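Coming up is one lone chain in structure tokens, specifically the form predicted on its own.
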């Protein structure tokens, strides 16, 4: 079935090109107006495609301008990923090859060199459509007079997972031979094979930008890195080996680094502990030279690290809290002769202070080895990419805590008390990071099966905020209690507020005395619930109707 668009500014075409215009180093194309492009159409690299042979008589029905189908704000950021009124729609035809797409003739040609550039494209695909997208560049060499301007100069697929049903901001690195001018871009919405398709679908394209910046323009993830999160190191002469963090002179807290990944996300396993007012020193064991260290803390927990630098030092509220080199200075404002911050195999960041008014809680902390760059995601300069320079990024959680924390217990049919004094927990505060013993005391006629232990911060809120775990919930079985019905909460679980739910269930009635059983001195016939049991010699203990008897 064909789709006729309400607004089609120009006819679809195969093989046409736009006029030459002055070259721009950066270029933006949206579909609110026609200023960024000269014509729209469809294109297929398959030479026998019905869109190239003329078998499909009305290719113009497959592409056109339409209303943006989704301007909904993101639930977490409250910002619409794409608020444009108009976008480009392309019907992905099952009769085209896997490289069939929308062709956009550029009003301004893109002059390429051997340097890598980046094409940014916003794409929206319906639910269930998660295949990769591709950008194809059509153009010609400036030094080849007879080369067709429709020559395919690059084919660049998207990397990573495409989120279906919402706008994606995709970034495509592009490179060509020298002296190439790109006249047209083809956006391929579906790289999967169409041979099993029985129907078409519509994809939407918007806000195409060509520049030298590999960073996505919109936040689709929290705490992003400017490279593939699964990226393996590209060099062996430079690598981060480990990290040591010292808080106000206490014993250093160490972080082991996975050397097989440039990005280490250790927020589920590694917690750095500090109090407001503490001084924190970060040391990085690093093999190699000419690299510097950077430390960040997301103080407002918004999922981003924001560097605020004035007069070469971090200002109040800056989330870049320490660095060894940035534009000739370290974070103390001291002049640095060069960016070689590695001294005897160690990068030592200047100590920074946890602000005195920092609320108790969990914060993400990022530690980065990079070259002269305040971007928490890594240097994006083509000549100094973090990955190419042997840099590394490590994320951990920072627990900003008080000396003492609240503990409470809520339950029915029993109590969970302090084992030290048999007192209720509701009025107590206990030392942070130290084990604490509690005692289960069932009500008469009840027993306990264990406790549920919740510990951390904001216990009534979401367990995760932007991927940062706020608290843990542990089920502690009765088998973990000693014979005095006591359980020693480990020090690692006293890492914030502690809340206990005692689990008490009905149990056998406890009889402290053993009474003679009602039977003859020599033998007995026992009856339980009206059932007659065999006679047995009088010896031992038996239980009937919840009572304990001596045989």
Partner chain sequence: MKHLQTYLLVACLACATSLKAQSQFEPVTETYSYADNEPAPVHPVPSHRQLLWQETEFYAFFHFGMNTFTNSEWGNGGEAESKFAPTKVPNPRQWLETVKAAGMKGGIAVVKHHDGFCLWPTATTTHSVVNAGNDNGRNTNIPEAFAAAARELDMKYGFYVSPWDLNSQYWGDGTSNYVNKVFLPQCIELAKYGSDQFEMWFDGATGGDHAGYYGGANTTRTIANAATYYDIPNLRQKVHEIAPNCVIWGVGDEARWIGNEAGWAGETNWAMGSGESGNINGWKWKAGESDAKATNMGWFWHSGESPKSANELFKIYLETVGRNATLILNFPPDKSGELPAADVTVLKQLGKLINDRLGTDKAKTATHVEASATRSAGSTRNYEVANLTDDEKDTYWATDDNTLSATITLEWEEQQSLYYVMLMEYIKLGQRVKNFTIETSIDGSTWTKRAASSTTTIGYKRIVPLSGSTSNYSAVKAKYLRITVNDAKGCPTLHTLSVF
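What we label the rigid core is the largest C-alpha set whose atoms superpose within 1.5 Å from one form to the other. All values reported here derive from a predicted model rather than from experimental measurement. Numbering follows the first chain given and starts at 1.
Omitted here: the form predicted together with the partner chain. The next part is about that form.
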- Full three-residue contact with the partner chain in the model of the complex, heavy atom 4.5 Å, for 191, 195 and 338: yes
- Query: If you check 463, 269, 383, 72 against the partner chain in the model of the complex, which one has a heavy atom within 4.5 Å?
  - Reply: 383
- Query: With the partner chain left out of view, which of 359, 157, 317, 477 would have a heavy atom within 4.5 Å of it in the model of the complex?
  - Reply: 157
- Query: Taking heavy atoms only, is residue 367 within 4.5 angstroms of the partner chain in the model of the complex?
  - Reply: no
- Taking heavy atoms and a 4.5 Å cut-off, does residue 27 contact the partner chain in the model of the complex? no
- Consider residue 147 of the chain shown here, and say whether it contacts the partner chain in the model of the complex, taking contact as heavy atoms within 4.5 Å. yes
- Although the partner chain is absent from this view, report whether residue 151 comes within 4.5 Å of it in the model of the complex, heavy atoms only. yes
- Location of the partner chain contact in the model of the complex, chosen stretch of 206 to 214, 250 to 258, 405 to 413, 169 to 177 [non-hydrogen atom, 4.5 Å]: 169 to 177
- Task: Could you list the residues in 386 to 413 that come within 4.5 Å of the partner chain in the model of the complex, counting only heavy atoms and keeping sequence order?
- Result: 388
- Query: With both forms fit on the core, has residue 484 moved 2 Å or more by CA between the shown form and the other one?
  - Reply: no
- Query: If we fit on the core, is the Cα of residue 126 displaced 2 Å or more between the shown form and the other one?
  - Reply: yes
- Align both forms on the core first, then report whether residue 139 has a C-alpha shift of 2 Å or more between the shown form and the other one. yes
- Distance trend in the model of the complex - C-alpha atoms of residue 116 and residue 372, change of 3 Å or more: closer
- Query: Against the shown form, C-alpha atoms of residue 377 and residue 176 in the model of the complex: closer or farther, for a change of 3 Å or more?
  - Reply: closer
